[in-house]
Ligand code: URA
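Only one chain is shown below, in structure tokens, and it's the form predicted on its own.
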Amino acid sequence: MTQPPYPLRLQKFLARAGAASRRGSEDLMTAGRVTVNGVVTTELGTKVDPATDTVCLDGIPLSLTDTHTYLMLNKPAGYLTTMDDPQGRPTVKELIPHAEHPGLFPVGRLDYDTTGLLLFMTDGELAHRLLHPRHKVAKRYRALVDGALTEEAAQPLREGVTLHDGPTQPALIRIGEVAAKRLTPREKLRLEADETFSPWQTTAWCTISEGRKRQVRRMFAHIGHPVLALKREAFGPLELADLPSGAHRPLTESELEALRQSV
């Protein structure tokens, strides 16, 4: 097997060793949790030679490996996509076998109140490629939005809208069922008094290849149809299918190969 060129950047070494994603590895360094030959190293430009240098995370030596773990989780609502929360809130770490597979980290994130497909792996290189905008890996979401969404109203999303952090890329939008909401007594009173209050809700599918914070929610809010519930059903070639909420499973060989082919 051809050996990669050495030395290499410390954050790249950490990612390849399964410590975290490339960005997460930088956070570990700046937090002072990484040592090289016994010396705390926070400089992001630092390079190491795995053949001669000893790299530790929280005092535990790391090494490069070609064997990685890849999991799919059906994330429930009410969990933060992080492996550690200083405030003690529920995190996705509680839902995966992190003790059996040290170094697992989430690939990207889902909002606290968003459910669905969330990938975990120890392969920092693949995670970096999957999240890099250059590869435009598609993510499909099923959204329940407020109001009766029409094709005309959804058209701006297909063309791209401008949010506070810049214009979005064109999205694929498919509109499904428009149904009546189950109104509470208070909402029924509001319906009689407020002509802007809609008794309808619409199921729609939105596919994007970007990954900005709360992007899908902000896109639908921009066109006047706030999201009531949001679930990610697909990430690249992977489908959530019938994986129960809160459950996880390893990726199959064919899924992993399709994922690699996508980038």
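Note that residue numbering begins at 1 and tracks the sequence as displayed. These figures come from a predicted structure and were not determined experimentally.
Another form, the form predicted together with this ligand, is not on view; read the next lines as being about it.
Undergrad: Quick one: is Thr114 in contact with this ligand in the model of the complex, heavy atoms, 4.5 Å cut-off?
TA: Residue-level check for Thr114: yes, a contact with this ligand.
Undergrad: Contact with this ligand in the model of the complex for Gln215, defined as at least one heavy atom pair within 4.5 Å: yes or no?
TA: Taking the distances in the model of the complex, the answer for Gln215 is yes, it comes within 4.5 Å of this ligand.
Undergrad: At 4.5 Å between heavy atoms, is Val55 in contact with this ligand in the model of the complex?
TA: No, Val55 stays farther than 4.5 Å from this ligand in the model of the complex.
Undergrad: Should Tyr141 be classed as touching this ligand in the model of the complex when contacts are defined as heavy atoms within 4.5 Å?
TA: Yes, contact at 4.5 Å.
Undergrad: So which of Val137, Leu149, Ile173, Leu110 reaches within 4.5 angstroms of this ligand in the model of the complex, heavy atom to heavy atom?
TA: Contact with this ligand in the model of the complex is made by Leu110 alone.
Undergrad: Tell me, which of Val48, Met29, Leu230, Ala204 has a heavy atom within 4.5 angstroms of this ligand in the model of the complex?
TA: By the 4.5 Å heavy-atom cutoff, the listed residue in contact is Leu230.
Undergrad: Select, from the options 194 to 202, 233 to 241, 37 to 45, 207 to 215, the stretch whose residues sit within 4.5 angstroms of this ligand in the model of the complex by heavy atom distance.
TA: Of the options, only 207 to 215 has residues within 4.5 Å of the partner.
Undergrad: Note that this ligand is not shown here; using its position in the model of the complex, name the residues of 154 to 170 with a heavy atom within 4.5 Å of it, in sequence order.
TA: Result: empty, none.
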